[in-house]
Ligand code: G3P
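The chain that follows stands alone, in the form predicted on its own, written as structure tokens.
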Amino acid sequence: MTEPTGLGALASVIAHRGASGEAPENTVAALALAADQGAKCVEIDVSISSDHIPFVHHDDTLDRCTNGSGLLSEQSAESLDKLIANKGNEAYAHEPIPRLAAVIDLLSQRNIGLNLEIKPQEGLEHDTVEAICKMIESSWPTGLPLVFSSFSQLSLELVHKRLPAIPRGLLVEELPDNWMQLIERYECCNLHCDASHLTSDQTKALLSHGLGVYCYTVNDVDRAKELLSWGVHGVFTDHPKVMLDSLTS
């Protein structure tokens, strides 16, 4: 298995929210486990607290993954630090919602690349992008792969203006008819899409434009092999060890 190279390159196997099939998603534990299992790149989701501290968490609300409730953006960083993010996984009884700063520390220590998905609550795009960019500017190590992605086109526009040198991935479910215009507008190097919607012909079209093509969320090894045979550069998976073992055997 050849790892992708070049601007916007991540890895052939990317741990989706860490090893989230085995540990609580988007936690330091899940990211550390992914590193232990051989992942060279992880994907996380980042939002902000009421006092504009970046936290790694997928949903607008806290209810699904933590012992808290309500909107993450309405809680202070101090309050969020007290919550446990192990819902559904009692083996991780004290796992907190991590601040982005803690995740960057871990990835730096383990030499792990990052796809950072910007997940702003609607209306907080400017504040979310600014908080993330400040943290990246001060803490992200030179030389480690980093790609920003987002379903929020406003967030892509803002991060393009704020940190233009960092590669961007247009994040979609199905490939839109105007994908070329969107790629050009936000100067994206990659397109990240739902694996269940991508076709071989669409992959050829994307590759012909020199784009990095990455698919989420792929937990079936045969599907991953098919996608990679089309030229897809990498897959996001909840089970990095299974995927890595199967693709390298």
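This is a predicted model, so every value here is computed, not measured. All residue numbers are counted from 1 along the displayed sequence.
Beyond what is shown, the protein has a form predicted in complex with SN-glycerol-3-phosphate; the following relates to that form.
Residue 58 belongs to the set of residues with a heavy atom inside 4.5 Å of SN-glycerol-3-phosphate in the predicted bound form. In the predicted bound form, residue 239 stays away from SN-glycerol-3-phosphate, with no heavy atom inside 4.5 Å. For the chain shown alone, residue 168 is not a contact residue for SN-glycerol-3-phosphate in the predicted bound form, no non-hydrogen atom being within 4.5 angstroms. Using a 4.5 Å cutoff between non-hydrogen atoms, residue 140 does not count as a contact of SN-glycerol-3-phosphate in the predicted bound form. Residues within 4.5 angstroms of SN-glycerol-3-phosphate in the predicted bound form, judged by any non-hydrogen atom, belong to 116-124 and to none of the other stretches in 160-168, 116-124, 88-96, 75-83.
In the predicted bound form, the residues of 35-65 lying within 4.5 Å of SN-glycerol-3-phosphate by at least one heavy atom are, in order, 43, 45, 58.
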